[in-house]
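Just the one chain here, laid out as structure tokens, in the form predicted alone.
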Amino acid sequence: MNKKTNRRKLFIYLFLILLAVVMVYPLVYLFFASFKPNDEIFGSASLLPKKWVLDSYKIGWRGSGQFTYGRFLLNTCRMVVPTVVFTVISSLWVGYGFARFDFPLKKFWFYVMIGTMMLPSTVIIIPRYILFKNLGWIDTYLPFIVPAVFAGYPFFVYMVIQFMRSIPRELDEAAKIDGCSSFRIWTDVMIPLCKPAIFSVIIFQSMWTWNDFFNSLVYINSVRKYPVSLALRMNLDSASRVEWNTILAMSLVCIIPCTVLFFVAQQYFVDGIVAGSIKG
């Protein structure tokens, strides 16, 4: 029995190692390809470069010449950080209301929120653009930040609702006996217990906003305000001959923050996904 169990474990580990290699290989190739000239990138399938190009990161970091990737990364942080912070706060606040309170037309508004999740973003892009243009928000980061302030990302609200429903109501009742108000219960009881869900929201929203190309292309016009997603695309339009090693080098630099964030918070992320899928 032990031999069969050990063989099964060995097979599982070998399968997971093979799967990990398949998943990580694109990143490894991206790293080595950033040191290759164009003819090797498109003409050779070897992982290691035959001729090493050592200045691809230095040249790529210069960006458009007028603005470096330091500026583009800073722009991305200015867009991502407020969006993530306000998404967490508003999702916790609205999710707490749906999970713990009864109010008129609660089910109706909950179904409306779920319905907005089913609506493709391309359907509302034109009316949203017209609205933001009339408000004077075009070429700013407000089209990303303001919806986060008002819980405009229903997926995260739904995730928080499901997680809060898994928290026993007896904790709320015990806090009320101790004299806590509803706001104190939210700040002192619910938020600390929602740490896995909070990290899940942070990871998802950070990666989605960081990598968002379409909405950035629609709302951001000035090169000096470009996030990294538009900066990478700009390099393809700025020259007749594209040095792909510099683009690959900057692509690798731009994915490092999200990768580090995921690995730092992956335990909370997994807990949040598992617990958020359970309806208490």
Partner chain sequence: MKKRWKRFEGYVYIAPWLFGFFALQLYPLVVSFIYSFTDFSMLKEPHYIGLKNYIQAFTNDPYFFKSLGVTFMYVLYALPGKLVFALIIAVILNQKIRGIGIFRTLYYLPSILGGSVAVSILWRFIFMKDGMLNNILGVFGFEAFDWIGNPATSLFIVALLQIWQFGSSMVLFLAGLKNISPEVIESARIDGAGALQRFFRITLPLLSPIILFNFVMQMIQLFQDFSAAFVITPNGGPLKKTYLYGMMLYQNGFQFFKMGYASAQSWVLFVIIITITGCIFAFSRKLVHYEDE
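Everything numeric in this text was worked out from a predicted model, so none of it was measured. Residue numbers count along the first chain shown, from 1.
Just so you know, the form predicted together with its partner chain exists too; it's not on screen, but the next bit is about it.
Not one of 32, 59 and 191 places a heavy atom within 4.5 Å of its partner chain in the predicted complex. Mapping the unseen interface onto this chain, residue 27 counts among the residues with a heavy atom inside 4.5 Å of its partner chain in the predicted complex. Residue contact check for residue 104: one or more of its heavy atoms lie within 4.5 Å of its partner chain in the predicted complex. Put simply, residue 53 is far from its partner chain in the predicted complex: not one heavy atom of it is within 4.5 Å. Not displayed here, its partner chain is approached by residue 128 to within 4.5 Å at the level of heavy atoms in the predicted complex. If you take 99-119 and check each residue for a heavy atom within 4.5 Å of its partner chain in the predicted complex, you get 101, 102, 103, 104, 105, 109, 112, 113, 116, 117, 118, 119, in sequence order.
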